[in-house]
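Below you'll find only one chain, the form predicted on its own, shown as C-alpha cells.
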C-alpha cells in the first residue's frame, strides 16, 4: 500500500514539474534532439547520395526529402486543430508544440537540400519562400511569447485592461468637472482632449507606440506655458498629467498585446498560402514527371 502511494506521489511530482516546464525544454528537449538527428541524417544523405552532379528535387534522394518535407508541413499545420483537443501524456499539447517548433526548424535543412540549391521564378521556389516565411514568423512568435508576457504583467501593475480603462474614465470625469471654471479657450483644450478616442489608432501605431497629434499632450503643454496659473488651472494641469500617465500605461499594454498577436496575422495566412503552393508544387512535379 505504501509502495502504491509512493508511486502515485512520484507521478504527481513529475506531473507538477511538467506543468511548469516550457515547451522548449519539454522532456529534456526530446524534440530538439530528434530534429537535430533528422537534420544530420539529411545532410549526410545529401553528401553521400550517388547522384550526379548532386542531389536535387528531381533525383531519387530529392523525392525522399520532398516527401518527408511535405508530410511534415501538413502535420505541422494541424497544430491549430490539435489545440482544441486537451489531452495529457506523451502527446499532450505541450509535447505537440515542442515537436511543432523543432521539427519546423528542421524543415529549413530538409527543404533546402530537397531543392538542391536550385531556385527560380516558379511555384517551387514560391513554396520554399512561403515555408521560410512561416518558419521565421514562428520564430518571432516564440521569442515574443518567451519575453513579453513578463513585461505585460509588469505594466499592468495588478490591473486588468478593464480596470485601466475605468481608471482613465474616472480621470476624465474629474477633468470635465475641474474644467468648468476655466475660460472658453482653456476649456476647449480640455474638451478636445476628452473627445479624442484613445483607442482610435491602427495596428501600426500601436506597434510603434508613437501616437501623433495627442490632444492631451497639446493641452498640458498649453497649460504649462501659462504663468500665474489659477487654482483651477493647476488642478486641470495635474489631472492632465494623470491622464497622460494612464494613457501611456494603456498604450504600452496595447503595444505589447499587438506584438504578441501580430505574428499570427502573418503566420496563419502564410501557412494557408504555403499549403496551396505546396499542392501546386506537387501536382506540377507529377504532371511533368
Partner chain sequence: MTFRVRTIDQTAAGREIVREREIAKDTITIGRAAENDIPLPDLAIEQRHVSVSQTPSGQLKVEALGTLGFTVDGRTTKSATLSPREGSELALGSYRLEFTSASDGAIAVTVRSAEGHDDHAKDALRGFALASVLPGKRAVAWAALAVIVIAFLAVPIYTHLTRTPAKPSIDQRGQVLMDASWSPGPLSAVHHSLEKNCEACHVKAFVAVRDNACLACHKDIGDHAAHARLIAARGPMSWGAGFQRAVANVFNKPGPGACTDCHIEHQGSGPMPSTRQEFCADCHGTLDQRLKDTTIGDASDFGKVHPEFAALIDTAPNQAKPVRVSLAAHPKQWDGLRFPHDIHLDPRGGVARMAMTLGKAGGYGAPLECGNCHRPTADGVRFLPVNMERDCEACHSLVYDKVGPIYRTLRHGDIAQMQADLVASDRSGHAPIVTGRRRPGEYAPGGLYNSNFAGGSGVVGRAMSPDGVCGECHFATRTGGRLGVMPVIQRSRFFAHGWFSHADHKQQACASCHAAKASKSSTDLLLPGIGKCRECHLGEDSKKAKVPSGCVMCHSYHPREGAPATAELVAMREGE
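Numbering follows the first chain given and starts at 1. Since we're looking at a predicted model, the values are computed, not measured.
Keep in mind the form predicted in complex with its partner chain is missing from the figure; the text below concerns it.
> Using a 4.5 Å heavy atom cut-off, state whether residue 117 contacts its partner chain in the predicted complex.
Although its partner chain is absent here, residue 117 would stay clear of it in the predicted complex, with no heavy atoms inside 4.5 Å.
> Do residue 220 and its partner chain share at least one heavy atom pair within 4.5 Å in the predicted complex?
Contact with its partner chain, no.
> Even though its partner chain is not shown here, does residue 162 get within 4.5 Å of it in the predicted complex, heavy atoms only?
Answer yes; at least one heavy atom of residue 162 falls within 4.5 Å of its partner chain in the predicted complex.
> Is residue 71 a contact residue for its partner chain in the predicted complex, using a 4.5 Å heavy atom cut-off?
Flag for residue 71 set to no.
> Any chance all of 24, 94 and 210 sit within 4.5 Å of its partner chain in the predicted complex, going by non-hydrogen atoms?
Heavy-atom distance to its partner chain in the predicted complex: none of the three under 4.5 Å.
> Which of 139, 187, 170, 132 has a heavy atom within 4.5 Å of its partner chain in the predicted complex?
Answer to the contact question: 170.
> At 4.5 Å between heavy atoms, only one of the stretches 103-111, 143-151, 195-203, 212-220 reaches its partner chain in the predicted complex; which one is it?
It is the stretch 195-203.
> In the predicted complex, which residues of 242-261 put a heavy atom within 4.5 Å of its partner chain?
242, 250, 253, 254, 257, 258, 261, in sequence order.
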